[in-house]
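Taking the form predicted alone, here's one chain by itself in structure tokens.
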């Protein structure tokens, strides 16, 4: 709904040294939404974040906050706070004073500072750490202090630029859940930047997939995973088998030397298409009933499933299944119509 929009980017364009890093970005972010900008290094996601935060200025286009143009406002006048990958904590200040820093700059009364800092320490599960040196804390604890320092100023939007990038895998997964829980408790808008698709799928209400300074797709984690707009999105979000195919007619596609019923329509007849089949959607069946047959070339145990690579002659299929077929065995491959996703070839999307 229009009234729920908090931030809008309108035709934002940005160049650095003559190189376009953002090309006509149009995006809106709703109140209380967890939005993730996702894409590979150099796609423009951090530049987008910095333009919203006021650390960069767009060459053209507008940034609106609650309907007001804030393109010319400096960062300290915007109702946003930023948490960077490098936490930039003050080593000469203890935990409590690091969190209180912004409030002291604003000349907030001491008793109010104490109350707000206590609330933040409680929020990030670091009660009793107030007098500690920040250098004595772990990476995860320092990251929580950086978040607390940003949140104590009660911003309407928290901007997070790859804040978990310096943490080890186990801690990163724990912090993903904590961040999402924090955002839901506080009821404020989070705009998060990452190149980690699992992180985006875990935390986001909305994912914005970017590549080469452009937005390729916006949607919920489920919609982007189930209905990728093109081969880049399909490959970047999760694992995929992507094949070149021909749409024979509505609800019938040919790829990998066989014809497959599908549910897609509107691509025309005998039209070139890209076909996506997720590894978990491939069924291993007997050779005599498979739509395609092949030989198991490799088997990897991945914990919750086996990953098998199947050589079907002119194509290689990746299959995830809870039971495995040994290397060298011949198998049939089958896919139900609903699990075949048809897309226009990438060049038509550019």
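Residue numbers count along the first chain shown, from 1. Given the structure is predicted, the values throughout are model-derived calculations rather than measurements.
The same protein also has a form predicted in complex with a small molecule, omitted here; what follows describes it.
Visitor: Can you pick out, from 67, 313, 40, 286, the residue that has a heavy atom within 4.5 Å of the small molecule in the predicted complex?
Guide: The option sitting close enough to the partner is 40.
Visitor: Quick one: which of 28-36, 314-322, 293-301, 46-54 gets within 4.5 Å of the small molecule in the predicted complex, going by heavy atoms?
Guide: Residues of 46-54 come within 4.5 Å of the partner.
Visitor: Taking the small molecule as it sits in the predicted complex, is residue 338 near enough to touch it, meaning that at least one heavy atom pair lies within 4.5 angstroms?
Guide: Output for residue 338 is no: heavy atoms all beyond 4.5 Å of the small molecule.
Visitor: Would you classify residue 21 as touching the small molecule in the predicted complex, given a 4.5 Å non-hydrogen atom cut-off?
Guide: Yes - in the predicted complex, heavy atoms of residue 21 and the small molecule come within 4.5 Å of each other.
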